[in-house]
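Okay, so we've got the same protein chain twice, two forms, each given alone as structure tokens, structure 1 and structure 2.
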Structure 1
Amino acid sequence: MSVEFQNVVKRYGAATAVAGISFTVESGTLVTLLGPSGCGKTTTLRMIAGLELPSEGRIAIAGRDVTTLGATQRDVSMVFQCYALFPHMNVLENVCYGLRRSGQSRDDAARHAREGLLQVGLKDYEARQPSELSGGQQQRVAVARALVLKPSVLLFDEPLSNLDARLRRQMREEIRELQQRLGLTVVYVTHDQQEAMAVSDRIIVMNAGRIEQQGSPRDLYERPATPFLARFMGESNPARGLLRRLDPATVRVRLGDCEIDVANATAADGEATVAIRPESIAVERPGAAGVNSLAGTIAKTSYLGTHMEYSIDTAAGVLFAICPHVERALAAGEPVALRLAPRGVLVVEG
């Protein structure tokens, strides 16, 4: 167990940033703290780093209680959102900094720093000033600087938010590849759900200072426990449906004129909120969809190259659907019939 939080609370005066959370991070895994801005994820990360000390609760890193220890005394290092490269030092001096502070000789530090730069593919850049590097290169220097200390836990605070979209994908793949190659324990903070799903072994979703749900990316996407999660992890349409249990593992959900049998072991009979994934709605012409379908009318359409997006008025409310068939696009005002794939209909409350 590399990181362990037990009922950790963080207050700033009257405001509570983190309201009692517990979780663990296993060695060698990449765990993401995900949530909207202000949910307490960055505060949580900073409490792991020791940049904030908790108001209540207990934090252990690598089995050692570090609750009252400051950042310097903990075996963690961090990659900052804005990289925080020291502008008055060159690349090598930046990477050496932590090694020198840990008591290594100048030569040892330089040797280890060069190894670190090699790992991130910046072998020939050691004499550059940070201001002479591109955003992606600065990011790699920041990673190398944290990496060379061989910390028990490596922390990333929204590391990709200052990069453009193309570079962002490349960097997140590099970070994931590096983590798996070196077997690092990483805690990663982001507000971008796609980024979280792409890099993580496990995701901890936070909201308003609490943990909403934690699990693998697939768990969270396919079995969200709350309406918040269904909304936050990918897009979803909230709708009211009527539930009736068929057997211990299945409920039948009635939405307008159509009924869908959904795998669910807990929901009670009666009215409930369901979330419908837009990609699981098949938009058909009326008649082509068969009997068990939801009738509607196209309200808005958008052409996005790879797919179509529709807003559709139905008896269950306005549904947002994604349709890959750009070649037979529908126009606003056309009547349609919607078929719902059972795995895209999620009972989130009730």
Structure 2
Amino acid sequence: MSVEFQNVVKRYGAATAVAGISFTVESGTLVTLLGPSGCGKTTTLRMIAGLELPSEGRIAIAGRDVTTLGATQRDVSMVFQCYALFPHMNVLENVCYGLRRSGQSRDDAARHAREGLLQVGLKDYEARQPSELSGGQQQRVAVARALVLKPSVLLFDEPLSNLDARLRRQMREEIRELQQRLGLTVVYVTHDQQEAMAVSDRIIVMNAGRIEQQGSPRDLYERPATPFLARFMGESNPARGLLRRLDPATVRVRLGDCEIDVANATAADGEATVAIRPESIAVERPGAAGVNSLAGTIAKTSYLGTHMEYSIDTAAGVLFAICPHVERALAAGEPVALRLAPRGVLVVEG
């Protein structure tokens, strides 16, 4: 079932938390609301759930206007950041809770709860207490409790923030697989860019209560429309370059003594801000990168096991680079030559 926001505003007194946003979540898709703390993403999610009502605008779910309806009048379920499991109930009783509140008999609720636990891989955990479960298992119980209500829309509010890095990766894969297998309409809130890119069909990036940009993960990473997006969606190095248009689809960017041709259909000739992705910088010894390279000097170096991280002084500014060649690490003070991959150089502001 679809979710639609039309010019929705949310105010708390004189403060505006959400400032006139419009978007649509298509049925059967997973859309993530992404942004820094205080950007309005959780307030937006709570307005979908009916836990907050908008100050202005219209909200529709499955084509039905729900703008003024409370949480119990909307066909949605939410998985909270803290999971909110009842500590005095076992797993089966926790999953049954919403079903019993909706009027199902004890036997019917237990049957549907067992089906929900089977869907999330917890078939044999019915009698356990929440305190006997790992963080990932508790999260699955919370998902099962939401799923058994068969909502039109399933909402996730920072569901993985309490888990360690390895378990977060596993759980985001499981959430995505479950959403696709069941054809669920999901709205997902996170501040973690990698998490958003891993689970989403589409990402809506919010900043200061407004939508900064929305699109597929690839669109937002490779074609950020604003300097904020270029900084927020992954690491990037801001630099000033000189642009010259070569044809309707390509501009030549000059950074120091280096010139690079990048895809861009809108930028005008002249000075502009560009963003350079760290992984697109090949760090070579002088002479090894060819004549069209950017000269630099290693300022700082860090060994991270799988790769090296370098801060490099150049004519375009200090650039942060990620290098996979840990077997030939460079030391601070060494001269280097940088090759820039066109795909990783983005014109973000004229």
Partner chain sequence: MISRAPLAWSVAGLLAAIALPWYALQEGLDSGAWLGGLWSSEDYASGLAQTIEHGKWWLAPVLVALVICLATALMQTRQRRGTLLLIASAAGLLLFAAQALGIGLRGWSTGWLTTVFGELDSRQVGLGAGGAVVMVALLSLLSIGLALRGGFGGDAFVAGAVTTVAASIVLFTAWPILRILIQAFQDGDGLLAPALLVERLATEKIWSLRCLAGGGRCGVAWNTLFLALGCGIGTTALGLAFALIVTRTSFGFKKTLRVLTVLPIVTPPFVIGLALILVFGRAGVVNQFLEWSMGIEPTRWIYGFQGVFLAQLFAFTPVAFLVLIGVVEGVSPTLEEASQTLRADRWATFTTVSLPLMRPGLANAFLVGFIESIADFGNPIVLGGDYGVLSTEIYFAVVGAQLDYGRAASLALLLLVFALGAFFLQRRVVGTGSYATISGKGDSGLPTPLPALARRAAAWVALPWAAFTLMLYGFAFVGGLVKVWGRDYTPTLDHYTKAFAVERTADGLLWTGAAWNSFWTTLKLAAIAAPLTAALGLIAAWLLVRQRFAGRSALEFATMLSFAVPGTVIGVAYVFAFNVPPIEITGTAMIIVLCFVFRNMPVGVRAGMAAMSQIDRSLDEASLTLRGRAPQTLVYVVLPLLRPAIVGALVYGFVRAVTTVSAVVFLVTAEYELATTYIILRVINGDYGLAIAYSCALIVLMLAVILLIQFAVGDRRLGRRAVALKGGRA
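Definition used throughout: the rigid core is the maximal C-alpha set that superposes within 1.5 Å between two forms. As the structure is a prediction and not an experimental result, all values here were calculated from the model. Just so we're on the same page, residue numbers count up from 1 along structure 1's sequence.
Structure 2 derives from the form predicted on its own, whereas structure 1 comes from the other one. Fitting the two forms on the rigid core leaves the C-alpha of residue 252 displaced by under 2 angstroms between the two structures. In the core-superposed comparison between the two structures, the C-alpha atom of residue 194 has shifted by less than 2 angstroms. Relative to the superposed core, residue 223 shifts its CA atom by less than 2 Å between the two structures.
Aligning the rigid core between the two structures leaves the CA of residue 128 offset by 2.6 Å.
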